[in-house]
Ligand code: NAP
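There is one chain below, alone, in structure tokens, taken in the form predicted alone.
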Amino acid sequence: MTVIQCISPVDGSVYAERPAASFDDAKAAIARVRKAQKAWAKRPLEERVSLVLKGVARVNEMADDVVKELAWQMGRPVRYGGEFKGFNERSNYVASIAHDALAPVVVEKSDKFERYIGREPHGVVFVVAPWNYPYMTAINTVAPALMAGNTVIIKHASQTILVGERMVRAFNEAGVPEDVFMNIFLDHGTTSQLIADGQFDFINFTGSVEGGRSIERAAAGTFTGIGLELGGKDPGYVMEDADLDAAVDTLMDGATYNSGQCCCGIERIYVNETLYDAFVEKSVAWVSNYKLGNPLDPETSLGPMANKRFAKVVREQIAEAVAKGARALVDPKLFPADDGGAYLAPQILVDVDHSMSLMNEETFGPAVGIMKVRNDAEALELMNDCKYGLTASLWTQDVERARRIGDELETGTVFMNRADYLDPALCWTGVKETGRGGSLSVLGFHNLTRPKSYHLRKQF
């Protein structure tokens, strides 16, 4: 029997462990979820929406436990209070648009014909959720999938092994039937086996590029719908007319919050030469104010990375960049808690270029490179010189300039004067190796359902 463990970044201990389900046991559980789907879909939409929101409220009631569990599982400081703001915002928004998003598209309603396109739930939706924002990323799919009439099975990352279990418990306690929303503990091999066996009708995966490739390989030939949000290397571009202090505050927060472990975190920054020196100086001062330490301490503002192997990647990227001529500007002596393991000091590097992995491979940690650029054309070329494309953050007072640059960016979302935010009214999507499909917004509902056309002739 395989046992799935969460090794806490706080102290390296085994914080939680659960036995992984066998293929046969998982298949039997999926069969129960599939059997429950038709009855769930027949419930009125208003009832499904109400039950989901009650589940969300029940999770909120567990806040004290949730915040501490997150600190132990993936290292986020308790001072930040969990993920409830985004968790609630996304849930409430999709609830508010569910009726319109799932309404049929009426082509004709006359004495002779009724012609319209309806929306049908896929059936069983499999959500494979990541550890970095384990509640918010999961709810992106869980809430609209259940509202649309699907049943849902969630499998969470081993690093946040308790999250799926807690979410399902909360939703079940709120009235969502146990066979409608279910948590399953699975190892990678059994997960791939279930996908290849065609056990799911739609799969949503958030994680690494290699993880996404594994999902696609397993699903090959099954014709199962797949949504993938994978790697990112999101750029910021600070133009000469930017609000300098606002840009520093937002981009440094976007680069280092949650120890830099954000899907849409800022990982590389390009600054117009007229603001470059001031931007760098202010950024180093901003980052130097963090207090790295135990995430259970209310004074800690930067916790450990979720696993020491993740921190190892960041350290290797920094070392390679320095060996190639980059300069690291943040004094490591300011962060005595950096232990060479999961606890990692933040870092800003200059004299960087795109030959360095720090500037072209996903870092997913509290380190960012800053480059000087002469103009928009140079910045655009550098921002697009990347195999990922999730978001880009543009800093200027000129909306038309931002729109013009945005039109040329190879990315899923263009921000102006903000960063590292998921707007539930807009489709969350990526290009290139960042993935395929999209979540939230009206289009998120469409991805979790299939069109069904009706051509009803009333008279000859």
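Please read all numbers here as calculations on a predicted model, not as lab measurements. Residue numbers here begin at 1 and follow the sequence given.
Keep in mind that the form predicted together with this ligand is missing from the display, and what follows is about it.
Enquirer: Are all three of Phe202, Gly227 and Thr449 close to this ligand in the model of the complex, meaning a heavy atom of each within 4.5 Å?
Expert: No, the whole trio is out of contact, none within 4.5 Å by any heavy atom.
Enquirer: Only one of these stretches, 168-176, 351-359, 208-216, 313-321, has heavy atoms within 4.5 Å of this ligand in the model of the complex; which one is it?
Expert: Checking each option against the 4.5 Å cut-off leaves 208-216.
Enquirer: Although this ligand is absent from this view, report whether Trp428 comes within 4.5 Å of it in the model of the complex, heavy atoms only.
Expert: Yes, Trp428 is a contact residue.
Enquirer: With a cut-off of 4.5 Å between heavy atoms, is Trp131 one of the residues that contacts this ligand in the model of the complex?
Expert: Yes, Trp131 sits close enough to this ligand in the model of the complex that at least one of its heavy atoms falls within 4.5 Å.
Enquirer: Could you confirm whether Pro121 comes within 4.5 Å of this ligand in the model of the complex, counting heavy atoms only?
Expert: Flag for Pro121 set to no.
Enquirer: Can Leu390 be called a contact residue for this ligand in the model of the complex at 4.5 Å between heavy atoms?
Expert: Judged by the heavy-atom cut-off of 4.5 Å, Leu390 is in contact with this ligand in the model of the complex.
Enquirer: So which of Pro366, Gly369, Gly254, Gly232 reaches within 4.5 angstroms of this ligand in the model of the complex, heavy atom to heavy atom?
Expert: The option sitting close enough to the partner is Gly232.
Enquirer: Asn258, Asn183, Thr191, Asn307: which sits within 4.5 Å of this ligand in the model of the complex by any heavy atom?
Expert: The residue in contact is Thr191.
Enquirer: If you apply a 4.5 angstroms heavy atom cut-off, which residues in 19-34 are near this ligand in the model of the complex?
Expert: Stretch hits: zero.
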